[in-house]
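Before any questions on binding or motion, here is one chain by itself as structure tokens, the form predicted alone.
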């Protein structure tokens, strides 16, 4: 049995519904799936119901945008209590930041002579946690760009004319919030961030795991982070980071995390809750 612990739906910048993700997971024979939409847990209720119907274990999660020592990091939260009040209030704050960034980026695109409407971007996104891919899709839909790649190259990539820095919480705050909500905090795709030097400090601050297996990690990169996980006693996770179709097919299925890693995560979470190292169980 295998798991995919890094999946995005249309509740952030993915294109699949949670139900479609589960259908793909069922077809591929996955035993466990996690929904990790960016800065939101909106889709977790839908995904939980779909997984229950297919007898697939579901792990409610989210991918939080954070920073540490001038590095942007993404921290995955797993086994989140999606009803925890502070988690919900912080998610609402993150979402407002994302929405304002969309407004600022579209304003810059307008200054460049492209009459893209911010309302059309929000209508296309149709979620509380929009991102740059939604602007790119709107540019293509309205024939201002011929492809998503062109939209990012012309406007949206870092240092391009419409790019706006993303406001981020500190990685230490993200880890604390995830723990408060009863979850496990995992560093996402470290091979893409290229800042291994921050890992020891994150471990001291409670980091629980590291995403060793990822679509954009080579086998050498995965082995490197497996060694780091072993060195620091971290949990090992992995996932496809599927956002929908990529080159005509979904990424889900590209990474198949052996289910024994999920069992270790479950035991770690149970140990944390039993020790009282969480406040969410009181809410």
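Residue numbers count along the first chain shown, from 1. Predicted model only: the values in this text are computed from it and were never measured.
The form predicted in complex with a small molecule is left out here; the points below concern that form.
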{"property": "Answer option from 182, 209, 133, 190, heavy atom within 4.5 Å of the small molecule in the predicted bound form", "result": "133"}
{"property": "Sole residue of 201, 111, 104, 149 within 4.5 Å of the small molecule in the predicted bound form, by heavy atom", "result": "149"}
{"property": "Among 138 to 146, 96 to 104, 77 to 85, 117 to 125, the region lying within 4.5 Å of the small molecule in the predicted bound form by heavy atom distance", "result": "96 to 104"}
{"property": "Site check 57, 256 and 263: each within 4.5 Å of the small molecule in the predicted bound form by heavy atom", "result": "no"}
{"property": "Contact test in the predicted bound form: residue 160 vs the small molecule, heavy atoms, 4.5 Å", "result": "no"}
{"property": "Partner proximity in the predicted bound form: residue 71 to the small molecule, non-hydrogen atom cutoff 4.5 Å", "result": "no"}
